[in-house]
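Next up: just one chain, as structure tokens, the form predicted alone.
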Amino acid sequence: MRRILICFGYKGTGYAGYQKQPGKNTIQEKLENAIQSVTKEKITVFASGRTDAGVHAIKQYAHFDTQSRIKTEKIVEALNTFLPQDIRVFSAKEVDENFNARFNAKKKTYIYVFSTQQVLNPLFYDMATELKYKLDFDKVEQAMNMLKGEHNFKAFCSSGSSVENFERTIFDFSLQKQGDYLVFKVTGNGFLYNMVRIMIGTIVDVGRGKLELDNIQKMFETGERKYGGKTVSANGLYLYDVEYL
């Protein structure tokens, strides 16, 4: 038995998220069907984590076990033959049988893209979120800094999550202006359900003056979602990278 680690990306617009769900179009189902077509085996793919409906991935990772002897250098081309064009495998390599794409992940980075164009370019309607407010970037910077470090992020998690531990560490949080776009970039040891989208929404509401910076501290202290900003659209969210030791 061999364990194969693949790096892949996808445009999440047409999918109900990464995780396989009965009767729904998902990334995992497409991957498993492609791998089955190549290996002639029933395969389960284990990813570094899930992404929600409409969320994109620049670099996502997953592993699967196979008895197939297909050479690793042939896997990429073979899988892409059977995958739709909005899912692409970039690389494949054989890893130790104890490696786990989810549990061996040490850092994950997401980016969130806002368009500051007066009218969003229709080519990117599902790849960025329109920002219709002027922001106080000093407050935005302060809000991002408050979110760095180890905290209880319960207030930044949407209902429906089954996790019991809400402690997470944010290693870095930054914002770059790139032409007509604002790109938030956040790196952490893990993220809760909708955590990135709630953090971004809270930062934007602080930056536009709808919320006070103190609201973030209240969220940490009380664990109550009501002190935070809205959950921003999935359109602008991308899994940017996953780091392994």
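Sequential numbering from 1, following the sequence displayed. Because the structure is a prediction, the values reported are computed rather than measured.
The form predicted together with another copy of the chain exists for this protein as well; it is not shown, and the discussion that follows is about that form.
Heavy atoms within 4.5 Å of another copy of the chain in the predicted bound form are found in exactly one of 136 to 144, 149 to 157, 164 to 172, 83 to 91, that being 83 to 91. Although the partner is absent here, I58 is a contact residue: one of its heavy atoms lies within 4.5 angstroms of another copy of the chain in the predicted bound form.
Contact check for M127: a non-hydrogen atom falls within 4.5 Å of another copy of the chain in the predicted bound form. Among heavy atoms of Y18, none comes within 4.5 Å of another copy of the chain in the predicted bound form. In the predicted bound form, another copy of the chain stays beyond 4.5 Å of every heavy atom belonging to R225.
Distance criterion of 4.5 Å from any heavy atom to another copy of the chain in the predicted bound form singles out L120 from the list L120, V113, A78, A105.
Of all the residues from 221 to 245, the single one having a non-hydrogen atom no more than 4.5 Å from another copy of the chain in the predicted bound form is Y238.
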